[in-house]
Each structure stands twice: as structure tokens, then as C-alpha cells.
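Single chain ahead, written as C-alpha cells, the form predicted on its own.
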């Protein structure tokens, strides 16, 4: 007899989503987490009275029909989080894009956003509004195909519905690909380079890809994220982790921290359990199903021992390709230094003389002014991150360069927050080496599957793997990137198991 119905390797948002849903449906679930606390990138670091998110704390997916709205409704905690207690609140503006001569706030209400465009781009205003109306129309068409509900909603991903929807997706995909590029109005822009940078920075914020590299349907969905709402969480990203972990335990699930999954045990071609180390003790735990909330490189490198299966994961790993390596600086500052019009999330270039690229872009998140749980009174938390290619990161000795790279980041932030260096009373950096240690990601690298491989991922890896009864969740499977996408991958894995038992 199995020790558990399901063992989940890794307690990130994807793993906790699967585990909590399966526990609620009566399955015996164990989550094995290598760190002292769960959460993955949705975790926090406590320093000198500050509670820092370790990654940019921009969240979406809480609107009606979206993934977290559905999850919280499923657990009957929606009112506590979104309504009565207002732990999760919509932020306005959701995002600020900073260009050499412009600072544009992106509001959820389009008319308010259009006022921003009129002020910052008066010569291009008419074409910009037309562009966003066209993009919104495409997004609305896609949502209409999904029964006017959000495509993260659980009901849109049962198998029998997928067969019906795939034909519709294929039809609209062909239709949309016949349209011109998303910037097909570019020949009419007065300042085409500024407009292109404005659009590209938004897309890079969410996907690390420019408009030329993203299919039109995906671009429209991404540009519509602020319209559907950007949210802040009182207490930071860790509250999202705590919420799912609490539901897991409430329904009888179990989580063991400071435990390492050393091997996925195979019986023939099926996952049969997990070899788990706790201190000096090693146990072979049997389970009917295994869910891996880790990377393909980890599975290939250590968790799968059989050569044939290891090679199958190696092929997938190569298909995903290289990702990006983050470097983050966490700052505790006096709130009076933060410009009133800055908002909570911003994206800017480190050097405006250079083109937009991941290593030249800083993603900035500040703790909301209404959240006094994150910092001492009168203070705020700031997380600033940029991404490098693996090759760029490998040339830096992060241990010796940590202080210099931190200072460089602060100097860059002076463009957005003048005199910030004079108001810092806590500074901490997270290097790629730190990310590797905390997340077990090779070189600290973040990768998401290439969403161009199929319309909404029908031809990209979902939760299934080359090993039977082994499913994957996280940011390397579609939908991938971002807490909402990662939670959706967790829902999909839970669905696959529930329909098989």
C-alpha cells in the first residue's frame, strides 16, 4: 500500500496549488520542501525590521473568473482576502513605464490610461489609442471564445472542452496571424522609436520578450493584464504562500521542510514514489502519483536515475533552452524619498543610451504605502531586479562584486528616485549564487517555455512528462511565468490526477 496518494516535490506556488486542491478532494498528500519554509520565489527575507519579497511583487489573476479568484472561492476564503479584510487590493496605477522623456502610468481603467497617453504622446495619441483599442478587441475575442470567462478558469481546461476549444483556438490563431505585426501602425507614428520602446518595455516586464518575438494573440493578452487589474498583498508574497499552505494542512495534507527529494523512484515506466532525505535519515516513500515543482534540469540531473528516461528529460531541457539570471537589490528606505507619482511598480532602463534588453532593464517594486506590515513606521521596502544572460552572469565573481553591483543598482535608481542613496537604512542583495542556493535552479536561472510553440500551449509541455504518473508544475511548463500562471499549472496537474482516479 502506498504511503501517500500524491507526493509533491517542492513547495512553490504551483506545488502548493496542486497539493491543496488534491487534499481538499480527500487525497493523502505530502509536500517535500528543501528549504526551511515553502514558497519558492513567493517568499520573503526579513532584515532589520523589513519584510522583503525576494522577487518583484506584481500580482494579477484576482479578478472574477481568474485563477486566484477561483482558488479562493474553492476554499471559501474569497471574502477574507479580497473583500472583508482587504488583504489583497487593486493597485492604481498598476505599472509605470519610464522613458527618457516620459513617465506613463498604466491604469486599469482605459479612459484614465488614455489621458496619460494624451499628456505624454500628444502627437501620437490618436494612433496609440487606436492601437490599444485594436489590441483590446483581439483580447476580447479570445475571452469570448472562452465563454466570456478568463482562460485561467478551471472549467476551461477539462479534456472534453479542450477538444472543442482547440478547433476554435486554431481558427482564431490563423486569423490573427494574418493580421499585421502588433505595431502595424508604426509607419504612422511621429516618434516610432519611443512608441516601440513603450510597448516593448511592457511586454518584457511580463514575458522577457519584445513585440517582434511574441505572437499577436499573446501580446494582446499581456497588454491587457493591467486592464484586468494589478494587485498588492498586505504582508507581501509570503501571504499567498501561507494561504495555500494553510489550506493544504486544513484538509489533511502534510508538508515537511528541510527535506530533500533525492530520487524519483520508478517502477517500470511509472513513478512509484520518492526517496527523501531528512538530516541523516533517508526514506523511500511510495505514492500513486508524483508532482514535481522543480526544473527540468533538476529532474534530468539528479531526480531520475534511469538512463532512457533521463535522456527524454534532457531533450525537453534542451528544447526550453537557456533562460535569464536575476540579480536583485532589496532596500529599506524612508518613504518620503519615494516620489508621490511613482506608484508601486515601475520599469526603466539602466542606461537610456543603450537599447532595451533584459540586462539593461530594471524591474522595481515598492511595498504599498497602505501596507505597514512590511516595514517600520514611515519606511518602505523596494526590490529592484535586472536579468542577465547565463554567459554574462558567468563572467562575474558575485562574491567579490556584490557590493559594487549593489552600488551600481542604487546609482541607476537615482534616475527614478532622486537622492535615494541618502535615505537607505537597510540594503541587501540577492546574487545568482543566492538564487541557485534558495531555489536549486541551475546557476539561479529562470526559464519559461517558449509560448510560441503552440496557441496557448496546446503543443507545448503542460503538466505531463515522459514518466507515467509524474507531472510537472512551475514556470517551465505552460502557462509558466508569474504567480498566476504558475498556480494555473498547479490546477492543471491536479485536474490530470483527479480525472484518472
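As the structure is a computational prediction, the values presented were derived from the model and not from experiment. Residue numbers count along the first chain shown, from 1.
One more form of this protein exists, namely the form predicted in complex with a small molecule; it is left out here, but the text below deals with it.
K.L.:
So which stretch, 380-388, 308-316, 88-96, 218-226, is the one near the small molecule in the model of the complex (non-hydrogen atoms, 4.5 Å)?
P.N.:
Among the candidates, contact is made by 380-388.
K.L.:
Does the small molecule get within 4.5 angstroms of any non-hydrogen atom of residue 491 in the model of the complex?
P.N.:
Output for residue 491 is no: heavy atoms all beyond 4.5 Å of the small molecule.
K.L.:
Check whether residue 29 has any heavy atom within 4.5 Å of a heavy atom of the small molecule in the model of the complex, and answer yes or no.
P.N.:
Residue 29: no contact with the small molecule in the model of the complex.
K.L.:
I'd like to know whether residue 463 contacts the small molecule in the model of the complex, with contact meaning heavy atoms within 4.5 angstroms.
P.N.:
Contact with the small molecule, no.
K.L.:
Classify residue 486 as contacting or not contacting the small molecule in the model of the complex by the rule of any non-hydrogen atom within 4.5 angstroms, answering yes or no.
P.N.:
Residue 486: contacts the small molecule in the model of the complex.
K.L.:
If you check 243, 207, 412, 298 against the small molecule in the model of the complex, which one has a heavy atom within 4.5 Å?
P.N.:
Contact residue from the list: 298.
K.L.:
Between 41, 472, 467, 67, only one gets a heavy atom within 4.5 angstroms of the small molecule in the model of the complex; which residue is that?
P.N.:
Checked against the cut-off, the match is 41.
K.L.:
Whether 11, 446 and 481 jointly form a contact site for the small molecule in the model of the complex is the question; each needs a heavy atom within 4.5 Å.
P.N.:
Looking in the model of the complex, the three residues 11, 446 and 481 all sit within 4.5 Å of the small molecule (heavy atoms).
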